[in-house]
Structures are given as structure tokens and as C-alpha cells.
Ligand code: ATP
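For reference, the chain that follows is the form predicted alone, supplied as C-alpha cells.
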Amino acid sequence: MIELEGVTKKYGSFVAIDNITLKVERGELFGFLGPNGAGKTTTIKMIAGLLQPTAGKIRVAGYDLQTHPEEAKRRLGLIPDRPFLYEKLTADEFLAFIGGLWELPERVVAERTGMLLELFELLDWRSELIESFSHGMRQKLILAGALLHEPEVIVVDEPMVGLDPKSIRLVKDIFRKLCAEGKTVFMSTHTLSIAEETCTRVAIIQDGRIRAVGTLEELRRLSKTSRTHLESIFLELTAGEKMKKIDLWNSAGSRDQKHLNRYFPGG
């Protein structure tokens, strides 16, 4: 459903994304993980067609974003990390606006609006201005808007930020249900516990390159660690020797500069 083939993104001489090849299948809840500045959001913007790659091909639901951009984008729902909402619209008006952008019939928009607002527990707020919504309510409205045209692929950048535990559970259940129906969810998140709990596979990106792709068990073998939690595996793959030095220092307790130099030679 999502295919990246030799994708590179450069800004002048700086290589933000370096020759990424990745394939996400139908029905997968796929996690996209990496440190700050690793290239996650840049990759997501290219998948959504908001940025053009410097080199390589991207296909969404079988459609090449270069040659058939409209067909590819019609099959994708995007939830960005910093969504924009028209605060002077009500929830109903906002979803009607989104439906108009997708050229959906008014009857279809009305039916799906009621269903989605009920699903995200916003039905009682449908006639209220968005400016009165909490951060979590706005996030759920963005999610509803992304699902309005029933996309085959859902791409989300930090979907759980600002949500309370009940809403996080709701969103996780919705993502699982969508994947069970044959849709694909591509999720970037810093919350490793959520990725560990929900994702069938994950990819770890660092410095614009894919370091590892696989299930939790496959990543454990790749990282050559006996630790079971994704956080430990992630740190092993992305931090390596630095984390080993930190662990060694922590195990030694608080020491003076002489001992610090012993564990961290060269400063």
C-alpha cells in the first residue's frame, strides 16, 4: 500500500533522507520511529505529496505520486503533527468543508459526519465553534476529518499527543479496526510503548537512513540484545556505544572528574 524505492531528499548539500527503500503492506499498522531530526516528518510529507523527493519513487495504493498524484492522494488520509483548524467553524462545518474538498455528496458527508463525531465522542459538540475545543478534542476532530473520505491508507504523525488515556485507547482501537478491514496505518511516534503495543512491524530511521525494519522479535535479533522492550532495542540500535558508556557511568554511581574521564575518555 505504501512503497518507497530509493527515495532521497536533499536541501542543497544536506541529505535529509538518504536512499530509503521501504514497503508497507495492506492491513499493516506500521510504526515509523527515530530520534528527533532523523527524517520522520520529511518522509511523511513526501508520502503525502507535500514534498517532492530529490530522487526515487513513492507509490500509494499502487499509484505513483509523480505520475498519478491525484489518484494517490485520494487514497490517503493525513494527520500531521501540527494540524491546522479553522477555529471560527463548528465541527459540523469543518467536516462539511473537508467533504467539499474531496467532492463528496452532501448526503454522504452528513452520514459520515454523524458517525465519526459519535465515534470520537464529539457528537455533543458538533455545533460548537472549534475555538472552544480542548487540544485533545481538536486532535480527535482532525482524525475524523482524515477518515471522512474513507482512505485506504492513513498516515499519522504523533497521533496521541494531547490525548487523555481514554482517548488514546479509543484511537488505538480505531487504528486496529481499520487495519482489520484491510486498510493501512503508517504511524510515526516517539511513544515507544504505543508502537510496541499496537504495531505489527516498525522501521527505525536515523540520520535519514533506515537502520532496521521488522517485528519486535526481528529487531531484537538484529540489535543482539536479550532485552524485550522496544525502548531498549530502539536505544541499542540508535545510540549504540554511547548508551553503553552511559550505562557504565550510571552503574558506577556519582564520581569526580577523574573517574568521569575514566569512563568517557576524551571528555
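Not measured: the values here are computed from a predicted model. Counting begins at 1, following the sequence as shown.
The form predicted together with adenosine-5'-triphosphate (ATP) exists for this protein as well; it is not shown, and the discussion that follows is about that form.
Asks: Whether residue 37 contacts adenosine-5'-triphosphate (ATP) in the model of the complex should be assessed with a 4.5 Å heavy atom distance threshold; does it?
Replies: Residue 37: contacts adenosine-5'-triphosphate (ATP) in the model of the complex.
Asks: Residue 42 near adenosine-5'-triphosphate (ATP) in the model of the complex, any heavy atom under 4.5 Å?
Replies: So residue 42 counts as contacting adenosine-5'-triphosphate (ATP).
Asks: Spell out, yes or no, whether the shortest heavy atom distance between residue 22 and adenosine-5'-triphosphate (ATP) in the model of the complex is within 4.5 Å.
Replies: No - in the model of the complex, heavy atoms of residue 22 and adenosine-5'-triphosphate (ATP) never come within 4.5 Å of each other.
Asks: With the partner left out of view, is residue 190 within 4.5 angstroms of adenosine-5'-triphosphate (ATP) in the model of the complex by any non-hydrogen atom?
Replies: So residue 190 counts as contacting adenosine-5'-triphosphate (ATP).
Asks: Only one of 213-221, 56-64, 29-37, 230-238 has heavy atoms within 4.5 Å of adenosine-5'-triphosphate (ATP) in the model of the complex; I'd like to know which.
Replies: Selected range: 29-37.
Asks: For the stretch 1-15, I need every residue with any heavy atom inside 4.5 Å of adenosine-5'-triphosphate (ATP) in the model of the complex, listed N to C.
Replies: If the 4.5 Å heavy-atom criterion is applied to adenosine-5'-triphosphate (ATP) in the model of the complex, 1-15 yields 11, 14.
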